[in-house]
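This document starts with one chain, in the form predicted alone, laid out as structure tokens.
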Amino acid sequence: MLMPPFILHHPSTVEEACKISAELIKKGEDFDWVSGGTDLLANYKWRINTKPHVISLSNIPGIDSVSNLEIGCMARLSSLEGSNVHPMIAEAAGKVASSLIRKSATLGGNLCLDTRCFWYNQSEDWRRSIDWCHKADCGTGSDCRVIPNQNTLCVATYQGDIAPVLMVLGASVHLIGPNGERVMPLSEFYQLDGMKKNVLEKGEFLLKVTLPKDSMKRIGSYQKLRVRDSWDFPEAGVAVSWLEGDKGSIKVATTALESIPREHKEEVSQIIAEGWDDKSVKALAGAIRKSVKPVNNTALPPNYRRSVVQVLVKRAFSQIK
């Protein structure tokens, strides 16, 4: 499929990237950021919410650095496999798509992955033939096709792999734009709306991810359900970590079940407060199963994905005992 026309900007520094975005905002011009392009450019070929300008981060030196406590937004997923990053990050990166895609895909792109939906991720001709949807209504005011009679919230699903792992490791994200830099826990970065997706303001991009010093002491596992192991997005994913011997440090996060990846603090706290014993993993798995709310917009049905979450939680804990 042919790429739609757009103006591509190639800043050579972070400051220049922020300047370009500020100038486009001032002119009232819309734009996207692109890093590896494995998600954005595929969507552009499908004519999905294209913009007249695209700002590439590929020519900015230093933002692809990788260390055990800091990873730049342009770090390729292939570089996270077998590097000195936390083993859970390497494990999750190695489960993303295919080896060829991982050579182009980046950490920043995976964390800022666009949400996906049967009604949205289709060709323009297909979407026109069955009418538009709330996320890409082309000015028609179309309703959500997954949950009819509500056009206030998009329920497209976030299907990234790396986010839940970074959440259970206590990662923070560094965002930068024309108004400067701000830092927040990754668990606060996402916004429960398939259109907005995250808290990035206009002109901002995700610069890097940092991890606390005790993250390297955490042990854990990332478990994933997908239709084809060598290619597909997750249909459900569970990350679990803890500081060995400290039940109070347990963290659990899920992905591919809602519009955002989510850390399950309340469910974990409740089970720990009841007293951790041999039945606690099963109880926690059941609590998380009840808390997630998948909808019918991916390859596998919602009830099946919820049931598998319970299995994945148990499987993740079995890997860290």
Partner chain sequence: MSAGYRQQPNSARKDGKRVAGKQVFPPPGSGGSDPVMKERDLNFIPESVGGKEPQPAGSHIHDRIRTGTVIGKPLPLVDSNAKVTGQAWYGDDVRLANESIGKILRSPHHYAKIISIDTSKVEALPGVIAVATGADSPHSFGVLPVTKDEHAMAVEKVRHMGDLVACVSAVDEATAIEALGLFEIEWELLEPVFDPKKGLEDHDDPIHWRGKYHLAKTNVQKRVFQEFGDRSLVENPFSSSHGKWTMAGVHHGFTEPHAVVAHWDPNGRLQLYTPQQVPHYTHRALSTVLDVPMHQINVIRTFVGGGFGGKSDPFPHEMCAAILARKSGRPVRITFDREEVYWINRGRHPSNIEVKMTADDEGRISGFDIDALIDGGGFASFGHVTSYYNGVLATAPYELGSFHYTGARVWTNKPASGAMRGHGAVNTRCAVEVGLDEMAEEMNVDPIDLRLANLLPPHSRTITGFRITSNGMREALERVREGSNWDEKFRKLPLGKGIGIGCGFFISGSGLPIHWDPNRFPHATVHIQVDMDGGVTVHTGAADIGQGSTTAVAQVVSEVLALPIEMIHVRSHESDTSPVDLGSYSSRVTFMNANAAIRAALDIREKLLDAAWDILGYHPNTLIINDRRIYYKHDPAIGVSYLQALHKAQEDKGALISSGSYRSPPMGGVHKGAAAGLAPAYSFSAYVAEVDVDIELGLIKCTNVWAAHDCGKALNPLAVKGQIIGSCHMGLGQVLSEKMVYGRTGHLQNANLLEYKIPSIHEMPHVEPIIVESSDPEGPFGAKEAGEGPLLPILPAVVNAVYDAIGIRYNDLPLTPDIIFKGVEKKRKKLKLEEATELPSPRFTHGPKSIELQKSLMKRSQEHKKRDLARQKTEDTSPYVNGVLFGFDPNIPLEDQVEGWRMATEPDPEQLAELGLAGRAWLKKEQRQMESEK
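Numbering follows the first chain given and starts at 1. Note that this is a predicted model, so its numbers are computed, not measured.
Beyond the structure shown, there is the form predicted in complex with its partner chain, which is absent from this document and is the topic of what follows.
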property: Site test, Phe31, Leu100 and Ser104 vs its partner chain in the predicted complex, non-hydrogen atom cutoff 4.5 Å; result: no
property: Stretch in contact, per heavy atom within 4.5 angstroms of its partner chain in the predicted complex, of 184-192, 203-211, 73-81, 127-135; result: 127-135
property: Candidate from His174, Arg226, Lys197, Lys251 lying within 4.5 Å of its partner chain in the predicted complex - any heavy atom; result: Arg226
property: Partner proximity in the predicted complex: Trp242 to its partner chain, non-hydrogen atom cutoff 4.5 Å; result: no
property: is_contact(Phe233, its partner chain) in the predicted complex, heavy atom dist at most 4.5 Å; result: yes
property: Non-hydrogen atom contact Ser123 with its partner chain in the predicted complex at 4.5 angstroms; result: yes
property: Interface membership of Arg145, its partner chain in the predicted complex, 4.5 Å heavy atom rule; result: yes
property: Partner contacts for 280-317, taking its partner chain in the predicted complex and a 4.5 Å heavy atom cut-off; result: Lys282, Ala299, Leu300, Pro301, Tyr304, Ser307, Val308, Val311, Leu312, Lys314, Arg315
